[in-house]
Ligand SMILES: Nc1ncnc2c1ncn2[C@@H]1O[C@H](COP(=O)(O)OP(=O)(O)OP(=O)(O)O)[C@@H](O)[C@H]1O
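Just one chain is shown here, as structure tokens, and it is the form predicted alone.
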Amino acid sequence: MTLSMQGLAKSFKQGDTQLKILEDLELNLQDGEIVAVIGESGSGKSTLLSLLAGFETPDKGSMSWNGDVTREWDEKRWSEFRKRSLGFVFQNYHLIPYLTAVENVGLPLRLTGVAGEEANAAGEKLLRQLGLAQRADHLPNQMSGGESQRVAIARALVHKPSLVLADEPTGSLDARTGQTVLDLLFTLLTELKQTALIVTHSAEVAARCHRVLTLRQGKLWPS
């Protein structure tokens, strides 16, 4: 999987003015790279993730996945792409409250037509790798924050996506739990040779990535 963003710009209307968030942004990701994006609050990190996932449309510039330019993609194409090719890890987990851990993990597979039994088997395998076999039948409200985030990581990786997008993956955890989750995340990313873009404020998280980029004045700069 290769990702290319060229000359991307995005602004939002604020009252009578246009607030420029991203301007002439360039980004290239290669297969198997783990890249950190750091930057101050309000620098546009969340907007960048939204553009990558097709939730927002750039004002100008181009983005392509494996050479396929996304400018002409409709919402149906984007929806299929997100289901099959993207994995998401959020700061606040975003687990489905009425699904068990194994059902949450298997959800991306079921959304692409994989049978429930097969999806659950894949989910159970990842939960074992993350030390959560005993939590497979537990609901999110029966798990700690660290356990919930490990479930979210398993869910992001179970369908072997082209790219994992992680937004402050340890931001809601205490230092000790965050370290444990971080170790497991990078172990899995490395074992699966997974491409990932991690938005973070943590210098420790950034130091473990292959590259670190700083989002400043609407552009990405090598750190």
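From 1 onward, residues are counted along the sequence shown. Bear in mind the structure is a predicted one, so any value in this text is a computation, not a measurement.
What comes next is about the form predicted in complex with this ligand, which does not appear here.
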Contact assignment for this ligand in the predicted complex, among 46, 57, 190, 30, heavy atom within 4.5 Å
46
Just to be sure I understand the contacts: of 68, 26, 183, 40, which is the one whose heavy atoms reach within 4.5 angstroms of this ligand in the predicted complex?
40
Heavy atoms within 4.5 Å of this ligand in the predicted complex: does residue 14 have any?
yes
Heavy atoms within 4.5 Å of this ligand in the predicted complex: does residue 201 have any?
yes
Look up in the predicted complex whether residue 21 has a non-hydrogen atom within 4.5 angstroms of this ligand, and give yes or no.
yes
4.5 Å heavy atom contact, residue 100 and this ligand in the predicted complex:
no
Which of 156-164, 46-54, 190-198, 175-183 sits within 4.5 Å of this ligand in the predicted complex, heavy atom basis:
46-54
Residues in 73-93 that come within 4.5 Å of this ligand in the predicted complex by at least one heavy atom, in order, are 91
Relative to what is shown, are the Cα atoms of residue 91 and residue 50 closer or farther apart in the predicted complex, where the gap shifts by 3 Å or more?
closer
Work out whether the Cα atoms of residue 46 and residue 91 come closer together or move farther apart in the predicted complex than they are in this form, the change being 3 angstroms or more.
closer
